[in-house]
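A lone chain, given as structure tokens: the form predicted alone.
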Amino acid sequence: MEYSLASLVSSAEGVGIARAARLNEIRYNGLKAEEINERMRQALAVMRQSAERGFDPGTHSMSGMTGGQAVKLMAAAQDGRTAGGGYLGRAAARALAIAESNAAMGKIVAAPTAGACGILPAALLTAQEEYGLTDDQLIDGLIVAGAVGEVIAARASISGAQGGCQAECGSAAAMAAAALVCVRNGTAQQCADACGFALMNIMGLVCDPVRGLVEVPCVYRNASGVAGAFVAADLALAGIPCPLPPDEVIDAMKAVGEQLPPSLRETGEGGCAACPSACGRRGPGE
């Protein structure tokens, strides 16, 4: 199997990208179409449940660093107090809720990882709310997202320890961007372009978990990641092509990840994790 977005786009000619992704699963993994749809339906159900749990004000991580913030953001979005408007605010709140649920040991769908679990579901669930999409349309989006994630995992990495947070939240944003283009009836090439934009715009993001936990800044990067996914999708849907071949952007992400020092790859030794307050030290002038 050739792992490339170009190959996926080519195979989608005449059938559409969602069907092409299904056919790939049938051909290479021996799954039936009904099995694929049922797996995605189950994943979608868990995504909804994790969002609901994240909006429970009583959901907090054992460390106490995260929990309860998604409720505040959703209230602000619903009350018209957000700068980005209700649509973006609700999506960011859902991404935060799911990430907070994960930090509190709730059941989530790794999409593609636990640390980036809020981005894809928040994008699709909010699009469904905004545009009245059916679950079947969301399943198409999930299947496209899965195909994109498979290419990224094969060509680069989806591991923060291997490639930094660009490989986790970046990959999730790329998957979500492609899924959004799909459910908004974009072309296969636009799905690939959205993936390229999402990765290009988050290139070099480090993995720097405070106290070594998938909480800070991780949960907040889920909210930022879904915003990036919408921007990338909108660029592609507007007919703006990614200025670089999306496959080359994926390869560049891999190269950048390999150049990151160990302190910026999930070890909790650099970046935000090295801030004085994160280490129990006072900062300058305190």
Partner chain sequence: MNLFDIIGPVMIGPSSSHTAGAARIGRVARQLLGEQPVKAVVSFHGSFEKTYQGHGTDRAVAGGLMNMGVDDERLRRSLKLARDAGMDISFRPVKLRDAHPNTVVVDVIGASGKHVTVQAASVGGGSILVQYLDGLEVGFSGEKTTLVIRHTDEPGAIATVTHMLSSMRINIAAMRVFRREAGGEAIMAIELDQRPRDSLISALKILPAISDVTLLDQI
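Numbering follows the first chain given and starts at 1. Predicted, not measured: the structure shown is a model, and the values here were computed from it.
The same protein also has a form predicted together with the partner chain, omitted here; what follows describes it.
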> Ok, 240, 231, 46, 244: which has a heavy atom sitting within 4.5 Å of the partner chain in the predicted complex?
Replying inline: 46
> From the list 153, 75, 133, 203, which entry has a heavy atom within 4.5 Å of the partner chain in the predicted complex?
Replying inline: 153
> Is the partner chain close enough to 216, 271 and 279 in the predicted complex that each of the three has a heavy atom within 4.5 Å of it?
Replying inline: no
> Which single stretch, out of 141-149, 80-88, 67-75, 181-189, brings residue heavy atoms within 4.5 Å of the partner chain in the predicted complex?
Replying inline: 141-149
> Is there a non-hydrogen atom of residue 259 within 4.5 angstroms of a non-hydrogen atom of the partner chain in the predicted complex?
Replying inline: no
> So, in the predicted complex, is residue 163 in contact with the partner chain at a 4.5 angstroms heavy atom limit?
Replying inline: no
> Could you tell me if residue 62 has a non-hydrogen atom within 4.5 Å of the partner chain in the predicted complex?
Replying inline: yes
>> Taking any heavy atom pair closer than or equal to 4.5 Å as contact, tell me whether residue 103 reaches the partner chain in the predicted complex.
In response: yes
> What are the residues of 167-195, in order along the chain, with a heavy atom within 4.5 Å of the partner chain in the predicted complex?
Replying inline: 175
